[in-house]
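Just one chain is shown here, as structure tokens, and it is the form predicted on its own.
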Amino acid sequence: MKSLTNPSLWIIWFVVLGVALMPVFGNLPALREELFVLLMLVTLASSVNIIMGYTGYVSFGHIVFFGIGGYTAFYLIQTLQFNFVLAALIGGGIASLIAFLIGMPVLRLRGAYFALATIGINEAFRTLVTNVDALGGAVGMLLQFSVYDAYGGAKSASQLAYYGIILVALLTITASFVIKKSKFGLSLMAIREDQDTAMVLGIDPARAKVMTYTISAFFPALAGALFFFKNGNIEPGPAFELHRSIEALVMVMLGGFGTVTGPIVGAFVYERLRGFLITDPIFSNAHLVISGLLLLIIVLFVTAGVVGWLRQRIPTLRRFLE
């Protein structure tokens, strides 16, 4: 595909891969843990951007796919002794299938109605999982330590999960880039700008939106599978945390929605800011409030985000900052 040879994509790969491999070559386990979270946030923000940035549909409950992927993979690994790579792929496939099935009716809604529906879906899945004994109910599941023996022990398994999240983040960025540069991406942006006009031009909005929603569900599910495999336990609360969805939206808006690099920049800036806030004795209990204020300021004064603002002010950067 022509877009895969685009220099902008290679620059993004080079930067992301270069940062991600720093703890590997430097043997820095603490930095590896920090970057695991950062790459997971890049995956979440970029997947939200695929549906929100390109079609204009704000998915407040996108974290539901993170939880579905995590629970599916965890159950397969713990109960049926699946390899974690295969379990993660199955988790991603099931999350996409669920997105396809619920996307057909839900994506007929617009604006606030769609946003509220996604919150309801997330809460419904959290309640469902909490009441299913086979999934551990309210207390969740713990991974037996012996499971890690097949991967060379817990330490090696953690390293494998880190390599996995690097790959997932790069795949998510690539999917976002390819979609944006394709005719399919142009049709999505036409829907974002004016859905009725897009229909007049021959675009099928329902089909395009469901396809996009299905694709965007796959990557957070993979991230969820890797995250909970590495942690060794899963609970309904952390798996379906609504505030993670809101944080992903803040990252997209902060970096620049509808761009490929925006969610990456937004994830980095937001994670640094959150790290400062939660360790500060004054702001440690108010980081979500500050996130909300930050989102309000961006929506009111910097609607294009950091990357969008740079593209507007420095035209030469438009060739490299997609």
Partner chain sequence: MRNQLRVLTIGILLTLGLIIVACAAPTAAPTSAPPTKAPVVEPTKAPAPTAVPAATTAPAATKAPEATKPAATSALAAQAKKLLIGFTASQTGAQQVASKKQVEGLQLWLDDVKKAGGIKLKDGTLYMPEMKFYDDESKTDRVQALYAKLINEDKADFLLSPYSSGLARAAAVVGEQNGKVMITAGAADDVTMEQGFKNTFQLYTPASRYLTGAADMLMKIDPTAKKIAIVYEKDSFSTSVANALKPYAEGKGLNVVMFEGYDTGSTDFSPFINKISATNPDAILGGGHFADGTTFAKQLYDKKTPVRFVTLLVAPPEPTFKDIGDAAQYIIGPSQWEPQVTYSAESAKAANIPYYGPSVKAFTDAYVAKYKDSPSYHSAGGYAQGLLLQKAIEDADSVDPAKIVAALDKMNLMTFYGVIKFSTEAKTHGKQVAHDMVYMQWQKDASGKLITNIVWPLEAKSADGQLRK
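Positions refer to the first chain, counted from 1. Computed from a predicted model, the values in this text were never measured in an experiment.
One more form of this protein, predicted in complex with its partner chain, exists but is not displayed; see below.
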{"property": "Its partner chain: the contacting residue among Leu101, Val139, Leu201, Ala112 in the model of the complex [heavy atom, 4.5 Å]", "result": "Val139"}
{"property": "Proximity to its partner chain in the model of the complex (heavy atom, within 4.5 Å), stretch among 141-149, 213-221, 168-176, 87-95", "result": "141-149"}
{"property": "4.5 Å heavy atom contact, Ala154 and its partner chain in the model of the complex", "result": "yes"}
{"property": "Partner contact for Val302 in the model of the complex: its partner chain, 4.5 angstroms, heavy atom", "result": "yes"}
{"property": "Contact label in the model of the complex: Asn83 to its partner chain, heavy atom within 4.5 Å", "result": "no"}
{"property": "Partner contact for Ala30 in the model of the complex: its partner chain, 4.5 angstroms, heavy atom", "result": "yes"}
{"property": "Residues within 4.5 Å of its partner chain in the model of the complex, restricted to 243-275 and counted by heavy atom", "result": "His243, Arg244, Glu247, Phe268, Val269, Glu271, Arg272, Leu273, Arg274, Gly275"}
